[in-house]
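Just the one chain here, laid out as structure tokens, in the form predicted on its own.
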Amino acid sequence: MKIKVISRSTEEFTRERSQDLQRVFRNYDPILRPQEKAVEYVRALNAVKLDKIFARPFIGAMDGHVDAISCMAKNPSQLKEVFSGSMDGDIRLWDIAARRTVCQFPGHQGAVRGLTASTDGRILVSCGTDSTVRLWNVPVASFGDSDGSIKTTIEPASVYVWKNAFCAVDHQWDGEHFATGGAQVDIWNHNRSQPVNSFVWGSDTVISVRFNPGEPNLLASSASDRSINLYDLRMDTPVRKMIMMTKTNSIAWNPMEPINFTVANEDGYCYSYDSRKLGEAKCVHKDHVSAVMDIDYSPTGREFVTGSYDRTVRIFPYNGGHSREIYHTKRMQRVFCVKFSGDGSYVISGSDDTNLRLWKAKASEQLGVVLPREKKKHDYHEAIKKRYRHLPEVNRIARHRHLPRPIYKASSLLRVIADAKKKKEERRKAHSAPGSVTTKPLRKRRIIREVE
């Protein structure tokens, strides 16, 4: 007679030290655990409630400017460095970790309208309303400096004077050229005092310029005639042009999908486009109640941050119509520029009240060292929230955000106006001949025409 015996080694369930947790063996067979879904549902509810309890997105403010902050730029070679320019011509290099000014770049006689850094992070390019482009040598970060005083004042390495004021500047992701926007789009080289190429399409001011992260010679710009233009440095003329109903204030390319870009528009919406098909937006992102002033993608390309004239900062998923997060404070005024940090963990905003503000990209994320058990717990909470997010109670708690009273009233009013327009269109269509009245989707409605 053969007897089968369950044998188990003592090393599998014996603790090595008294501080270790007792190992427990569980059978996850659903037949033996009939209440598992109910238990997980309660855990998902508790997880979203805990997110609300621990949501503390604001980290701190960095003051030092004496006028409104008009533009910002990241240092590609340093995670903790960011440049900011103000309306009085002051440019500063900030250490985000210490939240202090590292050095200043004085020299502009008017407002600084554009900042960008070279790929290696050694050269800073600035332009402004004083019709000058200035190149600066960026100092190397020294880890021994711990006090909060301003270390150095940097003199410009080169100053290029041109015929018109500038509104924007952007550097190639991989190359020696940078582009400025003003009366036209000018392409500059580090070693030339005059543009090596210029593009003109119309007679209106160019508001923003952005190089494509995947194709160094592809460039997008927006102008005050409500147009969005695409340029190729290898050609003598612009490639394509699209005219919208309202002006575009800023453009951001998706770093992971370089054929797609998102624009921040004056009507309070953001529109994502495929550069190969400009006749229709891929997605319309709406939640702001006033003009969107700036936009920037995270390094992962899965979400982007926007700053608006309504004094809020919002974070959108790249393919979602509504924001997943809204940041605001009582003292923060109109937001003119926003940036994601180099690792995507933080958001920096610059506003009209002369302050830079540092936020967490995930409001309830735990800062500091996270133990392996805590990391597993957080991952488990994220998984069950994702699994049960379609249920009404979980979805309601996850979506809820406290809004300032003016924004809440403005969003309610916009909702009433949109509903009234929709009813009017439905009645007009119902009382007209079949097929005589057509309704355009919002993805096409804001586009007037496309020019090639």
Partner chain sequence: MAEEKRKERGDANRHTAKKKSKKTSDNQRKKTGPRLPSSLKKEIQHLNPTPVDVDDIDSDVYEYEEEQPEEESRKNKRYDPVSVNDDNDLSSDFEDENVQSDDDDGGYDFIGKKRKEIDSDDDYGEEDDERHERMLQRITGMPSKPFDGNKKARKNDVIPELYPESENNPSHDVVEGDGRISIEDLLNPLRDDPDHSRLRLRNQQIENRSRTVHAPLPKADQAKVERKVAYQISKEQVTKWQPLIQKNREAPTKYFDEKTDLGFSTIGAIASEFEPRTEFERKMAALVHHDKIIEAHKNDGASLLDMNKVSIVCEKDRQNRNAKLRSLLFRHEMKAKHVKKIKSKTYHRLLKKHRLKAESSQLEMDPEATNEYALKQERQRAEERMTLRHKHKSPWLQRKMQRGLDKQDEGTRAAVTEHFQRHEELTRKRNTMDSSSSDDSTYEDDDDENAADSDPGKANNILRKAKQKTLEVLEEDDGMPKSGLLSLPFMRRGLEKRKEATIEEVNLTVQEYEDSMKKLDDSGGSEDPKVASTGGRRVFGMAKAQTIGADNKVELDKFYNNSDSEDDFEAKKSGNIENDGSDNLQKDVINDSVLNQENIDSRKESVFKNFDEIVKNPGPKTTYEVSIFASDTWKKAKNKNGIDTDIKKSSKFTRSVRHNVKNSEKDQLGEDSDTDDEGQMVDGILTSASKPSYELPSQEELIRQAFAGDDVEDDFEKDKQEILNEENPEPEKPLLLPGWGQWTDIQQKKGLPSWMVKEHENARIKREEALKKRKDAQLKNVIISEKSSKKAEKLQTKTVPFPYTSKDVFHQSMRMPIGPESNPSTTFGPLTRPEVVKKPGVIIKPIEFEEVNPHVKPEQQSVKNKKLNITKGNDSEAIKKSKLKVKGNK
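Quick caveat: nothing in here was measured; it's all calculated off a predicted structure. Residue numbers count along the first chain shown, from 1. Rigid core here is just the name for the largest C-alpha set that superposes within 1.5 Å across the two forms.
The following text describes the form predicted in complex with the partner chain, which does not appear among the structures shown.
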property: Triplet E36, Y380 and Y388 all within 4.5 Å of the partner chain in the predicted complex via a heavy atom; result: yes
property: Which of 248-256, 329-337, 98-106, 187-195 sits within 4.5 Å of the partner chain in the predicted complex, heavy atom basis; result: 248-256
property: In the predicted complex, A220 touching the partner chain (heavy atom, 4.5 Å); result: no
property: 4.5 Å heavy atom contact, N164 and the partner chain in the predicted complex; result: no
property: 4.5 Å heavy atom contact, K277 and the partner chain in the predicted complex; result: yes
property: Close approach of Y41 to the partner chain in the predicted complex, 4.5 Å, heavy atom; result: yes
property: Heavy atom within 4.5 Å of the partner chain in the predicted complex - the one residue of P76, G321, P139, P156 that qualifies; result: P76
property: The partner chain in the predicted complex - contacting residues of 166-186, heavy atom within 4.5 Å; result: W173
property: Large Cα shift (2 Å or above) at K444 between the shown form and the other one, core-fitted; result: no
property: Flag for H431, CA shift 2 Å or larger between the shown form and the other one after aligning core; result: no
